[in-house]
Structures are given as structure tokens and as C-alpha cells.
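Presented below, as C-alpha cells, is a lone chain in the form predicted on its own.
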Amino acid sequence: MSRLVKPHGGGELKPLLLEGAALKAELDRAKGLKQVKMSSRETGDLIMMGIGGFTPLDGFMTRADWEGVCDGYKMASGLFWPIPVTLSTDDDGIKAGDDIAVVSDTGEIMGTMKVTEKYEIDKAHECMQVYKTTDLEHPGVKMVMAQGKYNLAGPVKVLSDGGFKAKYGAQFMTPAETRAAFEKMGWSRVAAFQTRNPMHRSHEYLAKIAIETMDGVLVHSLLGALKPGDIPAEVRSEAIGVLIENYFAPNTVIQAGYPLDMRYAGPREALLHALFRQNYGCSHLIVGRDHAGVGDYYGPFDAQKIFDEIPKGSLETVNMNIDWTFWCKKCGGMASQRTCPHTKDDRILLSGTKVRAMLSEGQDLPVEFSRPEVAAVLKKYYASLAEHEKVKVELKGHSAA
């Protein structure tokens, strides 16, 4: 009998991705259906339903679900859920009872859906409840405000993983696959480390703190869309890979990726991260400073506090809170605000802007901030960007001549 946490809702994993003859038959049927184009975020949500990451959802949410999730963290059924999972359109012709095909922004048929409800929402209300702002500079708010006029609800059949397995190979693991890997290694207490960035020394320290008390850590990297300026998934994965290979004990870390876009919803997104990590088999989620945040929209530890505000028993996967970490020159090593008595002048702290500027200029990052092997991967990436820009300028000059 498995010692891992149960999937969300207490039942079995519920992957909606069809296979074999059923997949072929539904894909043939889908080609004759009216099409609704999904955003990148909606496509990622659908793929998560397909692989069982959003167990036990069977489709996009109804108005009652949307309202319950926005206002009270729960669907109409009473199931805990922190962020709406919805599909939108501007198509006036679609009505309840229709069968539709849902397609990605590249035109690939991703699934089919039986429309059970078509409804309008107050987008500003969703933004205030989920993101705590209606500021269009917030990338999550911008996504909601760009949605279509109507939301469509109904059960889905998923027909594709969006090419993630083909692109990322063994790194793209489904919840069934991570659970099987944990079982094989004899793990039951597993901490998930959420990342959309390469791992610097502070991230390494967080993971190692978890390893001291857990059986292992799942370094779980977002493979979906990010905001401009963020490091692409393949570069991030390479950087994380060299870190694990050189600085972690064998059989303590598994690196994997998942197909969602970032919503940058801060505290609410931290809850979503814990929920789907439960489906992946993780008992804990490492929650550090400014988890899933952007700009100054959330307090640095709001994502930790929110776990104390939700009803008890909402999630089996619990938060592992760790304070802000850094290298302290006086301590002579990694430390946190909780353990280090020294001042900020003794700490090696670099902003993302500063790191990008140093890498773009080919400078070495301090070894106290980033392992040399990681920095080398990032320097190579930024050098390729610089070369690309140089070629563009040269081509533009030639065309002008």
C-alpha cells in the first residue's frame, strides 16, 4: 500500500488524456466540430487535466465554481480550489449543449468539450480576489482582462500533451510517473521545490534544508509561458541539472517539469502549487520569500501566511516555510534572516536585474551567489542573446543600405 499522500479529493489520479483507439476516434470526431482557440494559459490548464495534475477536475469550471473559488476557495461541490480554471471565448454563437473542439494558439486540436454552461463574469472581481489588484501592469491581471466575453463550462476529453514530452523527454513527468519514481526510491516524505528560475545558492540551500528532514526533493520546474526577460525552460533545466550533478548527494533529488504558465498570483498560486504537488505525490511544498510573486503586489511572506488562513484539511500537502536565505560574509556561509544576526551589508544579495546585467556583459557571478557550473550555463545563454542581437543589427544595416 502506498505511503504517499493521496491525490487531491482523496480518490485516485484522474488523467483525462485519451490513448490508443479512443484517442484516434475522438480526434477524428473533433475535426468536424466548431473550434474555440485557447490562450497559452488555458492550454496549460487543459494539459494538466490531461495528465492528472489537476485531479479531480473533469473540465472547465461553471459559474458557481468560479464564484465559489474566487470568494471562498471552494467549488460548488465543496472541493477546495484556490484559483479559477476557466475557458473563455468571444463567440456569440456557441450555446449550452454544443460539442466543441479546443485548439492551441498554434492551431493544434488539444481536446473536445461538451458545453454545459455559457456565462459572463466580472473580471475585475476575479482580479481583486485572486491577484489583489486590477493593475494591468500585473501579468496575471493582464491575462484575465484579455479573456473573452464569455466563459464556457463543461467536461473535456484531452487529446494532446502539447508536445511537452517530445520536447523535454524524461523531464516531463506526469503525476503517475513521479509517484512511481518516489515509490521505487522508497520515499514517502517528499518536498517539492517550485521554480521558474535557475537555482542559485539560496535555492540550493532551501532544497538541502528540506533534504535534511525529508526522504527527497522534487525540483519541479515550470515549463509553460513566462513573462518577458525570464530564463527559458530548456536553459533553466540545464542549469539545474549541472547543479544537481555536482552539488547534491545521489538519490536525494529528482528534477521534473510541468506544463503550466505562471499566473504570478502570489499567495493564491502558492496554494495551487501545493494542490497539484499533492497529485504529484509530494507531502510538502517549500515556500520561501515572495513565492510566485511579481513586483510589489504581495508581502514577502504572504504566501506562507495564507496556508494558516484556509480551512483545516483543505490540502494533504503542507507548506514548509523557510525564511529569506543568502550568503553572509560574517557567518562564512549560507544563512537566513532567522539564523543570521548580521546586517544587510554583510550579505551578498543580487537583484535579478543586476544578475542579468552581469551575465549579459560576460561577467562572473560571485561564487557565494551562484555555483560556477550554473553561471557558465547562464553566461552561454546570454552570450547567444547578444550574438543574436548583433546579427539582427547587422542584417538591418545591410537592408537599409
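This structure is a prediction, so every number in the text was calculated from the model and none was measured. Quick note: we count residues from 1 along the sequence shown, nothing fancier.
One more form of this protein, predicted in complex with a further copy of the same chain, exists but is not displayed; see below.
**Student:** From the list 109, 209, 272, 181, which entry has a heavy atom within 4.5 Å of a further copy of the same chain in the predicted bound form?
**Tutor:** Contact residue from the list: 209.
**Student:** a further copy of the same chain isn't shown here, but in the predicted bound form which of 342, 34, 29, 354 has a heavy atom within 4.5 Å of it?
**Tutor:** Selected option: 342.
**Student:** Would you mind picking out the stretch of 191-199, 162-170, 240-248, 145-153 that comes within 4.5 angstroms of a further copy of the same chain in the predicted bound form, counting non-hydrogen atoms?
**Tutor:** In short, 240-248.
**Student:** Evaluate residue 136 for contact with a further copy of the same chain in the predicted bound form, applying a 4.5 angstroms cut-off between non-hydrogen atoms, and reply yes or no.
**Tutor:** No, no contact at 4.5 Å.
**Student:** Within 4.5 Å, heavy atoms only: does residue 205 come near a further copy of the same chain in the predicted bound form?
**Tutor:** Heavy-atom contact with a further copy of the same chain at 4.5 Å: present for residue 205.
**Student:** Could you tell me if residue 216 has a non-hydrogen atom within 4.5 Å of a further copy of the same chain in the predicted bound form?
**Tutor:** Residue 216: yes, in contact with a further copy of the same chain in the predicted bound form.
**Student:** Could you confirm whether residue 371 comes within 4.5 Å of a further copy of the same chain in the predicted bound form, counting heavy atoms only?
**Tutor:** Yes, contact at 4.5 Å.
**Student:** Just to make sure I understand: among 298-327, which residues lie within 4.5 Å of a further copy of the same chain in the predicted bound form, judging by heavy atoms?
**Tutor:** Stretch hits, in order: 320, 321, 322, 327.
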